[in-house]
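Here we start with a single chain on its own, the form predicted alone, put down as structure tokens.
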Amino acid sequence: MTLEEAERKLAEYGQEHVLRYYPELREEEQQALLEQIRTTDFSVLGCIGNEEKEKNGRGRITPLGAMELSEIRAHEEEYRKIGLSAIRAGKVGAVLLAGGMGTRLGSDRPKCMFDIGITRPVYIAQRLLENLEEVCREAGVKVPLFIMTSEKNDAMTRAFLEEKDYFGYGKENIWFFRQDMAPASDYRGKVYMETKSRIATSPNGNGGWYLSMAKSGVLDVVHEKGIEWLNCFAVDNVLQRIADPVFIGATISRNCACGAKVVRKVSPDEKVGAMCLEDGRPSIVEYYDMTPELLAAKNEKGDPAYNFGVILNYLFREKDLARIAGEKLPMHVVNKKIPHIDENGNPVNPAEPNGYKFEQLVLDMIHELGSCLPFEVVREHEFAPIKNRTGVDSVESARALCEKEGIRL
């Protein structure tokens, strides 16, 4: 992009201030800024003003039951056969959302590189690939794995996995793509500058992975290989089963557009999103949106009505994602603290929210698809998230759960 082209694009969105320091930048900084302007989607700024509507815009929330363990066990072999058949036919791919850094764990490296080992190195990425490898051995084929990185951790993640020889999974079975970034703005809709040569940005949310696959060209691989189902999962759960044939088979058997692995909540107010219906369509109600009425609601068994929490392990039918992507998924406007430089070029690290970030969310993907199978898994066997250094959902708790499963750390 030339300077003149950048000026025209910025003028279209009222963001001319982005080039304020351009004349004093080094040539390589100028080129980097022009490239960022070229790739930045400023149209998201048009969503500002929707935040109040969004706050009050949820539909009527009602309970959605899950396929519970008793039913799963009764049909397990049937579902396993269907799932293994789909895997062996090359119809299943896995998508690892690995864009995060290990900041909350006290690390300045990608989260997937964090070592949870005690007597030997055991990395988060290693645990996930070992889990996936179990299914591959059972099926007798490799499941194509697509790894989403971010602007901040892409190079380190690629170098780390190459150095570790992809933990034996095979470079030829892995494709990388970077998550799209969205500009961050002040309350007037003017994008913040992170530095004199860089627009402040943030990842486009956990629902942006599919569009990021499309924009990167990796989705072409999905289509070329004839992959029909994508198992999307988070980086921080070191016990989750990936490309689980029983989960896949159950979702296919029920003819659902997607499936969501869920665990029975330890308490109604546990800090996980819960499966629900919103205006009669599947959705997720986040823990911070649970009203006293929802927390107190009971089902016909006398159990909490919103009893199944999602663990960010989903199975999506790819052709249905293609139908809804881009046009129907809303962009959420989120009030956040955004580090930036002030009018004099001095860094500002705000103590309070000072602007907006823009995100797409998985819950909207599920809601737009219209049919979803909540699939219960045994909590202690498949849910060991690592979000904190110590305490709840921590390195400590994940280690304890891994050891109970016989995993040598």
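Since this is a predicted model, take the numbers as computed values, not measurements. Heads up, when I say rigid core I mean the largest set of C-alphas that superpose within 1.5 Å between the two forms. Numbers for residues come from their place in the sequence shown, where the first is 1.
This next part talks about the form predicted in complex with a small molecule, which is not shown.
A.B. asks: In the predicted bound form, does Lys387 have a heavy atom within 4.5 Å of the small molecule?
C.D. replies: Yes, contact at 4.5 Å.
A.B. asks: Contact between Asp244 and the small molecule in the predicted bound form at 4.5 Å, heavy atoms?
C.D. replies: Answer no; every heavy atom of Asp244 is more than 4.5 Å from the small molecule in the predicted bound form.
A.B. asks: Report whether the minimum heavy atom distance between Asn131 and the small molecule in the predicted bound form is within 4.5 Å.
C.D. replies: Asn131: no contact with the small molecule in the predicted bound form.
A.B. asks: Does Thr251 reach the small molecule in the predicted bound form, with heavy atoms at most 4.5 Å apart?
C.D. replies: Contact check for Thr251: no, nothing within 4.5 Å of the small molecule in the predicted bound form.
A.B. asks: Suppose contact means a heavy atom within 4.5 Å; in the predicted bound form, does that hold for all of Arg60, Asn307 and Ser371 with the small molecule?
C.D. replies: Spot residues vs the small molecule: no contact at all.
A.B. asks: Heavy atoms, 4.5 Å, the small molecule in the predicted bound form: which of 72 to 80, 91 to 99, 224 to 232, 167 to 175 makes the cut? Say which one.
C.D. replies: Of the options, only 91 to 99 has residues within 4.5 Å of the partner.
A.B. asks: Since exactly one of Ala274, Ala260, Met148, Ala184 fits, which has a heavy atom within 4.5 Å of the small molecule in the predicted bound form?
C.D. replies: Residue within 4.5 Å of the partner: Met148.
A.B. asks: Of these, Cys256, Ala86, Leu312, Val333, which has a heavy atom no more than 4.5 Å from the small molecule in the predicted bound form?
C.D. replies: Contact check passes for Leu312.
A.B. asks: Aligning on the rigid core, do we see the C-alpha of Thr103 shift 2 angstroms or more between this form and the one not shown?
C.D. replies: For Thr103, whose C-alpha is compared between this form and the one not shown after core superposition, the shift is 2 Å or more.
A.B. asks: Return yes or no for Ile248: a CA shift of at least 2 Å between this form and the one not shown, with the rigid core superposed?
C.D. replies: No, the C-alpha moves less than 2 Å.
A.B. asks: I want to check Asn313: does it shift between this form and the one not shown by 2 Å or more at the Cα, with the core superposed?
C.D. replies: Comparing the forms between this form and the one not shown, which are aligned on their rigid core, Asn313 does not shift its C-alpha by 2 Å or more.
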